[in-house]
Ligand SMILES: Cc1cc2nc3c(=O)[nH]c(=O)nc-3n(C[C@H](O)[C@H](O)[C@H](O)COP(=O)(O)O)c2cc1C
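One chain comes next, on its own, written as C-alpha cells: the form predicted alone.
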C-alpha cells in the first residue's frame, strides 16, 4: 500500500514537505496545496515559491490544480510540465464556501454537465497524467454512483476518494461503505489517524492501492513510516523535525510569519504530548521568537511524550 501526504492549505507548503521528507520515510507522494489559475497564469510570490522546482528538489511532489475552466487547467498543466513535474491532480474535493461559490472544487459536483464538459476537455489529450481527488457528492451520498460512472469514462491516473459529501465538510463519520462500489484500485482519504486505522481500512478494502493522510500525519509525522512497518515516532526525532522545520522557516520568512506558522503546526504536534494545555496557552500568546522558544522549551521539557500519538481535534480547535 502506498502512503500519500494530503494537500493542507497553510500547513504542507514546500518547506514543510521538504523537511518532512528528509526526516521521515514512508511517503510516496506529497500533494501540493491547490493552485487556482486565472487566464493570465500569474501567481503570488508565495505560490511561485511553493511550486518552484528548486524548493521541491528531491521531493516526490504532485501539484494540484483547482479549476472549472479546461483552458486554465491545461495551460497550468503545461507550465508545470515544463517545470519538470510528471503528473497533476484535479481538485474536486475542496469544500470551502469561497471555493464552491465559484463552482470549483466540490462545487463542481452539483453541476454534472459542467463537470463532464471539463473532464471531456482535460482528458481528450492530457498534457500530463491527471489524477482526481473527489468527494462522493455535493448534497447526498446518493450522488456517488453517477459520479463514479462518470469518472470511469476517462483515463484517470488515480482516483482519490474522500467519502463525505461537500455539505458534511469534515463532520460525522466518512461513508466508507461507498468505497466498496468502486470495483478497481483507488486511494482512500479521510479520518485515518492511527496505524490501526490504516490496517483496518486495508482489510476492509483490498482494492485500496493507497491511503492519503492529512491531519493524522501532521499530528504524528512518523505515521506513514510506522504504517509501512517502520519505527514509531520518538521524542528525539520529533525535536529534530521541529528544529529543522523552524530553522528552515526562519531562513525564508519574517519572524512574525514564522511564529504564526509554527503556532498552527504545533497545535497538531501537541497531540504528541500529555497535558499540553499550558504549553498551548503559552503558544497562543507568543508575539516574538523569544516567546515561542520559551513555549517550546516548556513543551519538550515538561510535558510527557506519548509513544503512539493520535490527532486530537479538540487541541486543534482550542
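Small disclaimer: the values here were computed from a predicted structure and weren't measured. Residue numbers count along the first chain shown, from 1.
Unshown form predicted in complex with the ligand; subsequent notes refer to it.
A.B. asks: Looking at 87, 143, 168, 191 here, can you tell me which has any non-hydrogen atom within 4.5 angstroms of the ligand in the predicted bound form?
C.D. replies: Spelling it out, the residue with a heavy atom inside the cut-off is 191.
A.B. asks: Among 74, 225, 242, 215, which has at least one heavy atom within 4.5 Å of the ligand in the predicted bound form?
C.D. replies: By the 4.5 Å heavy-atom cutoff, the listed residue in contact is 215.
A.B. asks: Give a yes or no on whether each residue among 7, 34 and 162 has a heavy atom within 4.5 Å of the ligand in the predicted bound form.
C.D. replies: Every residue of the spot touches the ligand in the predicted bound form.
A.B. asks: If you check in the predicted bound form, is residue 68 within 4.5 Å of the ligand, heavy atoms only?
C.D. replies: So residue 68 does not count as contacting the ligand.
A.B. asks: Verify the contact flag for residue 271: yes if a non-hydrogen atom of it lies within 4.5 Å of a non-hydrogen atom of the ligand in the predicted bound form, no if not.
C.D. replies: Judged by the heavy-atom cut-off of 4.5 Å, residue 271 is well away from the ligand in the predicted bound form.
A.B. asks: Does the ligand get within 4.5 angstroms of any non-hydrogen atom of residue 91 in the predicted bound form?
C.D. replies: Residue 91: contacts the ligand in the predicted bound form.
A.B. asks: Any chance residue 64 has a heavy atom within 4.5 Å of the ligand in the predicted bound form?
C.D. replies: Yes, residue 64 lies within 4.5 Å of the ligand in the predicted bound form.
A.B. asks: Out of 110-118, 178-186, 146-154, 191-199, where are the residues with a heavy atom within 4.5 Å of the ligand in the predicted bound form?
C.D. replies: Checking each option against the 4.5 Å cut-off leaves 191-199.
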